[in-house]
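The chain below stands alone, shown as structure tokens; this is the form predicted on its own.
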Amino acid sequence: MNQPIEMTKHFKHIVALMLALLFAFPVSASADQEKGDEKKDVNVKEIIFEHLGDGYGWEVPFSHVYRIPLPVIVKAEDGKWFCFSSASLTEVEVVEDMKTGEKEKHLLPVVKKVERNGRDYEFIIAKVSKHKDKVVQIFPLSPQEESRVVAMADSIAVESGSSEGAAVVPGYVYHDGKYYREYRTFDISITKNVLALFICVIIVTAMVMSVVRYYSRKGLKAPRKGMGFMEMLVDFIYTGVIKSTLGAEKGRRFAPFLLTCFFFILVMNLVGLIVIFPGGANLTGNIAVTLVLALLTFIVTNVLGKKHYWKEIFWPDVPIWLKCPLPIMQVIEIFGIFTKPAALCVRLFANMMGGHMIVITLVLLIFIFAAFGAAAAGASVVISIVFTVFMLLLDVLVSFIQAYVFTMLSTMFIAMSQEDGHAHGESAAAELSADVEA
């Protein structure tokens, strides 16, 4: 009897909190309107890709201006290597509104100058360039070349019909009212995504080694709590997916790779849902990361594939007119070799990227509906918060599902490459003879 009463009390508290948000937001919105503060349009596309993209610094929790500096490692045009902090490539500009006295902070790129052997090197994070948001080396232009580039920029702006900002001229970068010749450096910097990969590797290693240390100390005693959950996941993937698909002998051979894929993807998915450091990096929403994971499955599948696997690709068991003189089936089978890892890559990337985009869009609805008045803004606060929490909880489930699906499909692809034609034929013949005898 006490549980329904407690649930009713909690429900009342939740409703009271939502109503408080509903009425508090219109008051603040109307106060801003009385001050005459003109709201700027929300650039949804820019905000989404800023959150989901990579960067040379890690955002400070609950701040979109300040960054935790990371090492920038680049190779200049003449082959020399440079290493410096990403903090030297940006600065925070404070802009004060003369009417309201409010101050806004903006993160702006600045030129990083390095002197070596009597020569000056200049680097910048390109904004108006073909290499947007990448570190490039810049070179000043002569007056003649600058006039030519400005004319090209004007022509490009006229053709595109855009009158906002400077035009992107191939081979040049625009900064602080001037164009510079750019050189795309060979970049091996420790960016946000790279550091997040290292963090995920450390987490997965710590999880696995903790289980190893437990069994080395406790023997076969069943673990509990977090260790028990880890053992349950290992047994679920190994017994339910790997062993049941590949068999006991081949399962032991490929289990280290497949279990590593599962836990690595799972940790990356869950870390990406955390708002503050060390979370916030959308690794599996980066197609480069999912492409490498799919490429590893591609290598394991095809390099370790048996003769029967390659025989079915280059000379499948189909009518002769389908494979000679026109190699119709061979082309289809070879095409299938590459579509399987491509499906792995795109499926994981699209699902995780889509989940993050939905969450960010739901939060941005608050600022979008603010332009339609205080009532619409207040209602959007409650709706956005409820649906955002729901989507985050759903993304936790999706994180497990996507790690499981990637591991399961990789196991199936490997199993197809490990088929033994003779064993398959013998088992089929045995089944046929048993049916005849029956």
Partner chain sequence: MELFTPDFGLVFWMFVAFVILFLVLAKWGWPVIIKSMENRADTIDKGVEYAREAKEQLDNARSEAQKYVAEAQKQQAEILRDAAKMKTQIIEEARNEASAEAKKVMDAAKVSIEQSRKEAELQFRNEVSKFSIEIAEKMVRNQMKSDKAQVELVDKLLNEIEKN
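What you are looking at is a predicted structure, and each value in this text was computed from that prediction instead of being measured. Numbering follows the first chain given and starts at 1.
The same protein has a further form, the form predicted together with the partner chain, not shown here; the description that follows concerns it.
Complete contact of V234, Y238 and L296 with the partner chain in the model of the complex (any heavy atom, 4.5 Å): Result yes, every residue of the spot touches the partner chain.
Out of 358-366, 187-195, 112-120, 334-342, where are the residues with a heavy atom within 4.5 Å of the partner chain in the model of the complex? Of the options given, it is 187-195.
Answer with yes or no whether V95 is in contact with the partner chain in the model of the complex, where contact means some heavy atom within 4.5 Å. Outside the cut-off, so no.
Find out whether any non-hydrogen atom of F229 is located within 4.5 angstroms of the partner chain in the model of the complex, and reply yes or no. No - in the model of the complex, heavy atoms of F229 and the partner chain never come within 4.5 Å of each other.
Interface membership of S147, the partner chain in the model of the complex, 4.5 Å heavy atom rule: Heavy-atom contact with the partner chain at 4.5 Å: absent for S147.
According to a 4.5 angstroms non-hydrogen atom cut-off, is K307 in contact with the partner chain in the model of the complex? So K307 does not count as contacting the partner chain.
From the list T260, N302, S88, T245, which entry has a heavy atom within 4.5 Å of the partner chain in the model of the complex? Contact check passes for T260.
Between M152, V128, L291, A76, only one gets a heavy atom within 4.5 angstroms of the partner chain in the model of the complex; which residue is that? It is L291.
Could you run down 210-225 and flag each residue that has a heavy atom within 4.5 Å of the partner chain in the model of the complex? Residues within 4.5 Å: V211, V212, Y215, L220, K221, A222, P223.
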